[in-house]
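Single chain ahead, written as structure tokens, the form predicted on its own.
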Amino acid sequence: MALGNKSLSDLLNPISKQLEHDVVAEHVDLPEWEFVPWRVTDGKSAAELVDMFASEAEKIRVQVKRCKRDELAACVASIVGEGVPETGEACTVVCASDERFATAGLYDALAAEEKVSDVTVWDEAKGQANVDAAYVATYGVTYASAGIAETGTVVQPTSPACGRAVSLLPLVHIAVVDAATIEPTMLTVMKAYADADGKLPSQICFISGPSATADIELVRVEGVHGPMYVRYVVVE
């Protein structure tokens, strides 16, 4: 039988046989675990989790800024106002369409920066034009749904107001995250998604610093599959 014509049963039957099952099970019951491993986040307060999140993020080459809610626009604008990293040249920005950004006055603050030549706010109605703008943008600004203290990770789901291109295509990704949404571990985030009613986003990115690979002779290369630089803005 040609490889392209194999069915799911062709794949699963040999595995089932090795597991000494007569047939492929139609349903698998989740085991009830009695042992719960200790986590470095156990017993930490909300403030301590925020500190851990910032500390772990810096270990993976993420620059972290912390601000109050009324300082959000100025904080993000100060990052973008530096222009293209390392050269300081004029830059362009693509942002998620988010009511919290609008309320903070972020879009106007970005447009007012001298080194910003263009600001694009994601608009589902514009389709491919959004992706084209993200492809050439220096900065992509998103509002993460959560942070993970244990690993310094931000959780970035896609939505009609924030396509995946905003966090994946620009040279620099700026992720804004509310301190109140920082969870201890990935398990707590995944459990929240598992318990949630309704349809999941088409994609949920767990972003832990700049895109990087060390496939070739263990030499770390950044920016291969995504942003070369990542900045977190923690709103407290």
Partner chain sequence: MSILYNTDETLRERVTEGLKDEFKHNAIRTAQEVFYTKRGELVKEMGIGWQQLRMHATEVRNHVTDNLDYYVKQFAENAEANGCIMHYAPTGDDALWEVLDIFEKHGASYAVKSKSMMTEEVGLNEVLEETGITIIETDCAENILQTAGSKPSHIVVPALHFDREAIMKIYKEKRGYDGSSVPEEITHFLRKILRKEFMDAEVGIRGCNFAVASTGSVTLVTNEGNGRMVDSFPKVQIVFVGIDRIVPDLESLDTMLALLPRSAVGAKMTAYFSLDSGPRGAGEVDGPEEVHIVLMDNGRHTLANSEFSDMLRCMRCGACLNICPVYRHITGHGYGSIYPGPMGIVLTAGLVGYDDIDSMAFACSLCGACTEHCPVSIPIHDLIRQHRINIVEQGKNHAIEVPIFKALALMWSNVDVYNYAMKMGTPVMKKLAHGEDALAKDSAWIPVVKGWTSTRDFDCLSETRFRTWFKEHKKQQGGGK
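Residue numbers count along the first chain shown, from 1. Rigid core (definition): largest C-alpha set, two forms, superposition within 1.5 Å. The structure displayed is predicted, hence computed values, not measured ones.
The same protein also exists as the form predicted together with its partner chain; that form is not shown, yet it is the one meant from here on.
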Ala111, Val121 and Ala179 all contacting its partner chain in the model of the complex, non-hydrogen atom within 4.5 Å: no
Residue contact check: Ser208 to its partner chain in the model of the complex, 4.5 Å heavy atom: yes
Close approach of Gln203 to its partner chain in the model of the complex, 4.5 Å, heavy atom: yes
Non-hydrogen atom contact Lys59 with its partner chain in the model of the complex at 4.5 angstroms: yes
Partner proximity in the model of the complex: Glu150 to its partner chain, non-hydrogen atom cutoff 4.5 Å: yes
Sequence-ordered residues of 199-236 touching its partner chain in the model of the complex, heavy atom within 4.5 Å: Lys199, Leu200, Pro201, Ser202, Gln203, Ile204, Cys205, Phe206, Ile207, Ser208, Gly209, Pro210, Ser211, Ala212, Thr213, Ala214, Asp215, Ile216, Glu217, Leu218, Val219, Val221, Glu222, Gly223, Val224, His225, Gly226, Pro227, Met228
Displaced residue check between the shown form and the other one: Met228, CA, 2 Å or over, core reference: no
Did Leu12 shift 2 Å or more between the shown form and the other one, C-alpha, core superposed: yes
Flag for Val24, CA shift 2 Å or larger between the shown form and the other one after aligning core: yes
